[in-house]
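Next comes just one chain, in structure tokens: the form predicted alone.
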Amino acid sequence: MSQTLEQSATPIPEKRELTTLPRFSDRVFRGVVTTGGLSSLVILGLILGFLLYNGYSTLRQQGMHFLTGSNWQAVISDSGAFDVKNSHFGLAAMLIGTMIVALIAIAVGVPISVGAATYLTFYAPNAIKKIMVSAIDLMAAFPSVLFGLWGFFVLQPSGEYWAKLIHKYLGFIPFFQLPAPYVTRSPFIAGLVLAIMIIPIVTSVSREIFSQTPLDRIQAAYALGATRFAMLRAVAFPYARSGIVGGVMLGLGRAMGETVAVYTVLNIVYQVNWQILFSAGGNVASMILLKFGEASPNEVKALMAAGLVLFILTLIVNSIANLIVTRTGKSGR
């Protein structure tokens, strides 16, 4: 009997050798991912080097006046040569105008985006949700020139009415004053167009973050007797805070670097304009587009320097966004 049991027993397998050496497929995948990540850094470095190489001469000649001055004037002497002494390139008005238009877009677009993401995640029926999500994703793929044309022919007439209404009731605030009755192609109109452009981006990011809210926390809030609004305030919004901030900063970067749409609906004027309803403003990217076609070789270098400043400004905004996301993520989750 014992011999039969010994013969029918399963033989003990040999010990398997444990190793930390990754498989060939893992090594290939890691190499591809590492190459892709490093290539993006290399491309950014090459862009930075190209802008610095072409714009350094202008930055050296103009000095701090390039960031503090608002006069953009390329003078050609009688002999046809570029007059270095009498040429002045100042970017202050365009930088201030870029920030004003981008802040208008954020102030208008972010509440709409967060509200739309909240509705799609926690309130909308499935049938409506599928249609709206598809429409929002489709809007994110629209080229900027379509937004610019739509803003010029459709949004601008309605925007004029709202601008006059804001001036009528809020004209005592310096930002809403009008030195002259001209409200077309103003920073207010450009900000509204950019707000429409960033709404799909911020909405998609916010909706994705809301959908990752832990279900056990939501159910726990309902079990304690919380209403849906109380659940959103106590659970969903604190959890999604860092993701919402990241989406907002992503939209801010899109608004700061937008060119064609802003160029279509904004009257580029080389002076600082704090009255957002008045038909005068500035934008670095649109100014580069406006000047590049007719620029002399030396003015092209000045435009490259302007692109370098915008590039660095965008990097600073993204760095601040990463810092805010890190801090809010620790406190919210």
Partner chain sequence: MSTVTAQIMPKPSKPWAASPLDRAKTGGIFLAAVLASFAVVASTPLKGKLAYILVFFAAYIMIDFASTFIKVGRQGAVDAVFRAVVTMAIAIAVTPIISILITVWLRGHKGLHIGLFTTDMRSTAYTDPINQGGLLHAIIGTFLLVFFAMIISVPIGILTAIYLTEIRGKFTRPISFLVQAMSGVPSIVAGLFIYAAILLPLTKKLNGIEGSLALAILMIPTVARMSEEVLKLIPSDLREAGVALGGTQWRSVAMVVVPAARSGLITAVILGIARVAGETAPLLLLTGGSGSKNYNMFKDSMGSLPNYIWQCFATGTPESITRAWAGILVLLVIVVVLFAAARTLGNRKVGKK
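None of these values were measured; they are calculated from a predicted model. We call the rigid core the largest set of C-alpha positions that still match within 1.5 Å between the two forms. Residue numbers count along the first chain shown, from 1.
We do not show the form predicted in complex with the partner chain, though everything after this point is about it.
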Query raised in the report: With the partner removed from view, which of 156-164, 175-183, 68-76, 98-106 is the stretch that lies within 4.5 Å of the partner chain in the model of the complex, judged by heavy atom distances?
Result: 156-164
Query raised in the report: Is there a non-hydrogen atom of Pro143 within 4.5 angstroms of a non-hydrogen atom of the partner chain in the model of the complex?
Result: yes
**Report entry** Asp216: touches the partner chain in the model of the complex, heavy atom cutoff 4.5 angstroms
**Finding:** no
Query - 4.5 angstroms heavy atom contact with the partner chain in the model of the complex for Thr227 - result: yes
Query - Touches the partner chain in the model of the complex: Gly257 (any heavy atom, 4.5 Å) - result: yes
**Report entry** Contact assignment for the partner chain in the model of the complex, among Leu170, Leu138, Ala81, Ala223, heavy atom within 4.5 Å
**Finding:** Leu138
Query raised in the report: Which residues, if any, of 294-312 lie within 4.5 Å of the partner chain in the model of the complex when only heavy atoms count?
Result: Val300, Leu303, Met304, Gly307, Leu310, Phe311
Query - Exceeds or equals 2 Å, Cα of Trp274 between this form and the one not shown, core fit - result: no
Query - Gly31 C-alpha shift between this form and the one not shown of 2 Å or more, rigid core reference - result: yes
Query raised in the report: Against the shown form, C-alpha atoms of Leu120 and Asn322 in the model of the complex: closer or farther, for a change of 3 Å or more?
Result: closer
